[in-house]
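One chain is shown next in structure tokens, namely the form predicted on its own.
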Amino acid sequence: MEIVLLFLPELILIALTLFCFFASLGRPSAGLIQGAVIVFTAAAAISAAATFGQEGFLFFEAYKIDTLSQLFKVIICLGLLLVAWSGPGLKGIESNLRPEYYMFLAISTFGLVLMSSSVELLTIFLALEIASYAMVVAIPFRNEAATRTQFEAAIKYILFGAAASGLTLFGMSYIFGLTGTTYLVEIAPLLPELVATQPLAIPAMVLLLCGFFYKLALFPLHFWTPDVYEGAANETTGFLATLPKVGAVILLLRLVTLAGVDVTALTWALGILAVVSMTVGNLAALVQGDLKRLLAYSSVAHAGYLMLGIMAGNPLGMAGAIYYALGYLLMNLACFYVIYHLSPSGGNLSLDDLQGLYRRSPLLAMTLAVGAFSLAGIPPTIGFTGKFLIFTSAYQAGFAGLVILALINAAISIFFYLKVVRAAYLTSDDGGAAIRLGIGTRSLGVVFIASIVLVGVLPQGFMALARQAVAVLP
């Protein structure tokens, strides 16, 4: 019975998937399906939170429930809840495919939840593929039949995903050859010495991490990001921009810590990828006019910031990476919440479409401004606190040069984030009609603003949970 309770979040997501499947046999309203997704994901998040601090194993100890996994399950399930809440009516999805659409989102979320508890290489790979290939099916579910860019986006997503999966499997084969096991608990005592003495261990680990670099949109596996963001529906892009990155963070934490906390060639390889990623992402974002492409390159830069905390290897860095992942989810979903409600037909938006937003909908303009300020790292938002924690941890670990480069990149990013705020507030009103929002939609805007500011000002509570979670890592 105790094992069933520990596995309850996964069972609830399976139940949600089955509900959406049977709902697809009829003609349910989008509101009914949306309400079911919110209820099921809230129940999954509550069940994960209720078992926080408990521990157990399943499937021949290939699946571990611990404080780290349960914390990420809460974040992932709350992320799906916010995605569903942000997009009432699914304006960008074909009406006859909406139950199936939510079903594939639930399957992808289920895969991410499995990734949170997977502690064996093949189990990790299977969870990664479940999360990825469900989205391959969901990306083309866009109602803009005239452009067909959604199919190009799906093809690019699957091709880059297949390449990343192949590299990951290749790295896993090397790790297995070096250690003779696929269980992380058995690899952990062997790998630090191998990284220090065996030249093959460094490329093996980098290849192994490629599948999660792809999810995180870290250089050089970021090329799919702008085109997929632009081609997918706004609802789908909001999901892709947030939840898979949270899932990637936990696996990167588990896998990078296997190599130990000492500064090695692997650490510097990750540091180079982090700096190049944030530089490429910020410079490319400077020239973007499409809002989703701008956020896509922004995500490439933020992947670099996240890697600094992970590679630091100290408790502050790892807990800071979890905190930053939560903040990234909130501030990105806040931006996509605005994009969804500003685009009546589900189309893409340019910066010009933000003109006069402060008059048409003060709440949407404020939500967008708070999200952009947080992404830029301006106090007192969660983005500022997250960057401060990550940069501090990297400095304490001896990476002062990388921190200086990261600070320069953060300064560059302020320009294009403030360009978004300027478009919403400092441009003349184009005479557009006022945007009417329901009570639930307005409430969500307030939730985004309050959470981004309050968690930024008061990080102690969540950081205590994050420190407790990372204590289980080797």
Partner chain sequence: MEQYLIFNDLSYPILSMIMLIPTAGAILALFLKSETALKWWGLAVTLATMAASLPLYTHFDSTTARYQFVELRSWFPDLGLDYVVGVDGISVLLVLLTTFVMPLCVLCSWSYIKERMREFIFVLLFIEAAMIGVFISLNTLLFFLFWEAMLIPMYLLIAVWGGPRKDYASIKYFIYTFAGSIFFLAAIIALYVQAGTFFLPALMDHPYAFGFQVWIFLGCTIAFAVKVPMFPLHTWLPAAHVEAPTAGSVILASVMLKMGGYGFLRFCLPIAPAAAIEAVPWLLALSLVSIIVGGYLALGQSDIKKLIAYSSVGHMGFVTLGIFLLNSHGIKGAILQMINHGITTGALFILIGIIYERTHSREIGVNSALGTFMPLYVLFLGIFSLSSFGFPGTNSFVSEFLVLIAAFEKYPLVGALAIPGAILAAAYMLRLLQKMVWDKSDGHAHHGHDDEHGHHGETGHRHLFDLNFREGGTLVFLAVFVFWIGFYPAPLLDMMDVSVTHLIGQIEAGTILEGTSHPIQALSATPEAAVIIDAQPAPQF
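As the structure is a prediction and not an experimental result, all values here were calculated from the model. Residue numbers count along the first chain shown, from 1.
Absent from the display: the form predicted together with its partner chain. The rest refers to it.
Between 413-421, 48-56, 65-73, 434-442, the stretch whose residues reach within 4.5 angstroms of its partner chain in the predicted complex through a non-hydrogen atom is 413-421.
Interface membership of residue 463, defined by any non-hydrogen atom within 4.5 Å of its partner chain in the predicted complex, is confirmed. Within 4.5 Å of any heavy atom of its partner chain in the predicted complex lies no heavy atom of residue 348. Heavy atoms of residue 389 reach within 4.5 Å of its partner chain in the predicted complex, making it an interface residue.
At a distance threshold of 4.5 angstroms between non-hydrogen atoms, residue 378 is in contact with its partner chain in the predicted complex.
Against its partner chain in the predicted complex, the set 396, 404 and 407 is in full contact: each member has a heavy atom within 4.5 Å. Shown without its partner, this chain lists 125, 160, 85, 358 as candidates; in the predicted complex, only 358 has a non-hydrogen atom within 4.5 angstroms of its partner chain. The contact residue chosen from 316, 154, 342, 276 relative to its partner chain in the predicted complex is 316, the criterion being a non-hydrogen atom within 4.5 angstroms. Contacts between 454-471 and its partner chain, taken as any heavy atom within 4.5 Å in the predicted complex, involve 457, 458, 459, 460, 463, 467.
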